[in-house]
Ligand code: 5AD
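Here's a solo chain for you in structure tokens, the form predicted on its own.
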Amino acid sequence: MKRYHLTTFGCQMNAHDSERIKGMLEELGLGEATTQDDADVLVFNTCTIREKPDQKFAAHLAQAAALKARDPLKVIAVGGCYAEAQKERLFELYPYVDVAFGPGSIPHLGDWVGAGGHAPRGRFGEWESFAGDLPAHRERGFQAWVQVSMGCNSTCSYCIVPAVRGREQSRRPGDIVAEVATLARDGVREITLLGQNVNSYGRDLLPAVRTEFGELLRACDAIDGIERIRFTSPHPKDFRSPVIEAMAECAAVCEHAHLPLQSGSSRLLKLMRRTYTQERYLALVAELRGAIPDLALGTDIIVGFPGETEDDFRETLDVIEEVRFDSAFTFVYSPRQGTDAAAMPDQVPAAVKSERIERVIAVVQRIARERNQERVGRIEQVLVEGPSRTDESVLRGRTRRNTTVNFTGAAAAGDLVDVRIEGASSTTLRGAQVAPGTTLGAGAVAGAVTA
């Protein structure tokens, strides 16, 4: 049996695409190799949203080239956003790459493998099918990604995603609901709905099947067996009242939202073409928390965008302090070829960007630690994911608010258990499993989530 090895870079959509690539290759008769040395086909699913993934990918590809030099029959395949951005130039940069494909052309890797190498070396530039329609190899039987759309119609000045994933294409709602129903029958308890901008889902569909995202949440919530529903990523400009109402009213939809801010400066937000202001963002936060009082909010922050002044940066810090995010992904701005921001004047010096990212991380971590410490004494429902990465005698799972919990107890992966929270850091909670129906003890914080 021939074997493949897949390396994934980047976002959750890439993680989903990689599960589909694995499922497709396995359906063609390939087995999964644990190392690149043991694989006949080396697949890289790439990201190009920032400079760091590009550099990481180049290092991995150099290792693959060395393996191919020793064994010329090894096949190197490169997919994902970096492949789409480079197109045929990829073969000039890396002549040892055998085949490449963009995010909308994933099935062509299967065509190439099935045809024994006679398919075109590269397939780019047009959306052809949803990866979500391919078979999947999931890492966990009780959790699943569900693709609802692909591509993005926004025109953020720093972002290359529309260029490499194309304009937004929504899957038919019937296909999504049918997939979720099948997942539930297979034992999946938690799904995450995926799209570049899930909140604008359905607007490109014909009137006969048009379904907005709030309606899709309700349809998934109605499926027996699905106990947790998450989604990512929304855009603040499209986060409208019907979605907020569905989040508040649907029992399975988790009390968590990832709401990218990028900058707290309205001036910079306009340069970024985010189409909202600081004031509009804060109003949305207030509406969300008014409807869902125990909501956890995550975000994305970019520091060092062209033209960012100290005053702009301080506005970002002020918004972080006001909103009090539970988590944040923080990034140093890196120019992406072909984006408008890359050609903007007043690029921020590297030393200034470095100093600002350290300051923003310090604030984010302090607030996240304080927010997590507020959970101490509560009983949280935790979906068990397996043993802790650092101590196999301890279990690891996630709360509905998407916080990692390490805890002592006796449970299997996929179980939903109650955990009393005993400690907290900026990124994790710590606790002990309790019997179902256990109530809060004296002095514990009121308002705990109980199963």
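The first residue of the sequence shown is number 1, and the count goes up from there. Note that this is a predicted model, so its numbers are computed, not measured.
Unshown form predicted together with this ligand; subsequent notes refer to it.
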Go through I302, V97, A296, V198 and name the one with a heavy atom inside 4.5 Å of this ligand in the model of the complex.
I302
Given that this ligand is left out here, which of I49, I421, V417, A64 has a heavy atom within 4.5 Å of it in the model of the complex?
I49
Using heavy atoms only and a 4.5 Å cut-off, decide whether all three of Q262, F331 and R336 touch this ligand in the model of the complex.
yes
Does V188 make contact with this ligand in the model of the complex, using a 4.5 Å heavy atom cut-off?
no
Tell me, yes or no, whether I229 is in contact with this ligand in the model of the complex, where a contact means a heavy atom of each within 4.5 Å.
no
Could you confirm whether Y158 comes within 4.5 Å of this ligand in the model of the complex, counting heavy atoms only?
yes
Exactly one listed stretch (88 to 96, 168 to 176, 212 to 220, 254 to 262) reaches within 4.5 angstroms of this ligand in the model of the complex by non-hydrogen atoms, and it is 254 to 262
